[in-house]
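One chain comes next, on its own, written as structure tokens: the form predicted alone.
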């Protein structure tokens, strides 16, 4: 880091001169648009016995051997009919496999879902999500036969059903459903344990995931830096231990945040830096875990404009910010005993006449100067100022940033893992373990010292895009690492390949809410990293 660069304020003035007075009011707010549909999650109850109402029956199974105990309480004829259907079908009990049966007893439908071999907690949740999505348009009440499952597994299944209930067609006209959908009854001999886990944590995860996916799926004329802040405030309102601070363009100008202000210069909608603190352990708390999110609410690429194809999906470029705020929402709703701060770096990247140009030089809050090679490498710019603010104002136990940062990570990892970059082995290990538990896997990639040469500029301290022909995800991570002292434990999660997808068995088209469950698990189990490797 080059703190001596603080003596060069003139470059900040070049990059963000009089930003506060340049933004005209936005004349076309989405006030005429219909409000997005609220997520309708079925109410859940836990019971030791099958309710009298016969709607949809769900039977999760890992093998035929489980059928007698899992369906205890059904009539002998119902059990026999299910067994015959399984024996004569091609059902293999693989994870997420489904078999729908009708005409058995008084049940409207019987849905058999496969658990596979050696199911982990994340598998139970995902099978639940597949079940919830399969029954999304089913108005009948749902009974889930969970006898023999642990309380943890039953709660995970119920949580997954809530995740599978999610809809992304937020502005689509739909006929009003006649009456409300029926609730879910989890039939379990571990009901008290399952209920406690679901009510204290599972329901919080559902609410946080729904908020994260909603705000990521919203169009760019509905969600922009200012409205992101207001929606987050509303979601966090009234939660004990939560404090929200917001830096506007005037505040950021006074602090010298030339990088994020530079990104936002081409938009009528000014940037924001949102800081959400949740302290669930009292005044003697350990230093906070800090989560940082890239929040580009719409990314045209700026002057280095993106191709037309699929640009409408670039409303998802704020997924990192959505996920870190969503994580704090989950932790605060469940009153987790943790100390955590989320920082959302919010801007809109547009090609206005005031927009930054390739070749321009910006100065970040910590004084480091940055030559802009591509205005489409803007996420690392907003995060540079977020990192600088964190180092100056917080004493973090660890910093983890989440960003849809590079297309390169997809080339390296497809859609199987998010990219993990860190110089701190102990921190990386905790994140990998949390990802495995939560079902959101990470794969560690290198931050090679050779990237320093790739990011060297002839005119400034750094360039914002590599001069080399490869290593795009790694050089981006290297750039970010230059804005935190090396003795602060830090990890970067590049989720550009995981944050968004088409519809599949567990979710509709759009946001996946990736990293909320992972970070919730990570923060809860975080152990201070004493030694910097």
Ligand code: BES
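Treat the numbers as computed from the prediction; the structure is a model and nothing was measured. Residue numbers count along the first chain shown, from 1.
Absent from the display: the form predicted in complex with this ligand. The rest refers to it.
Contact with this ligand in the predicted complex holds for all three of 380, 406 and 496, each having a heavy atom within 4.5 Å.
Residue contact check for residue 218: none of its heavy atoms lie within 4.5 Å of this ligand in the predicted complex. Of the heavy atoms in residue 314, some are within 4.5 Å of this ligand in the predicted complex. The closest non-hydrogen atom of residue 78 lies beyond 4.5 Å of this ligand in the predicted complex. Interface membership of residue 376, defined by any non-hydrogen atom within 4.5 Å of this ligand in the predicted complex, is confirmed. For the options 456, 172, 306, 448, the one in contact with this ligand in the predicted complex, meaning a heavy atom within 4.5 Å, is 306. 299 is the sole member of 123, 214, 461, 299 with a non-hydrogen atom lying within 4.5 angstroms of this ligand in the predicted complex. Here the chain stands alone, but in the predicted complex its contact with this ligand, taken as any heavy atom within 4.5 Å, falls in 368-376 among 87-95, 368-376, 243-251, 257-265.
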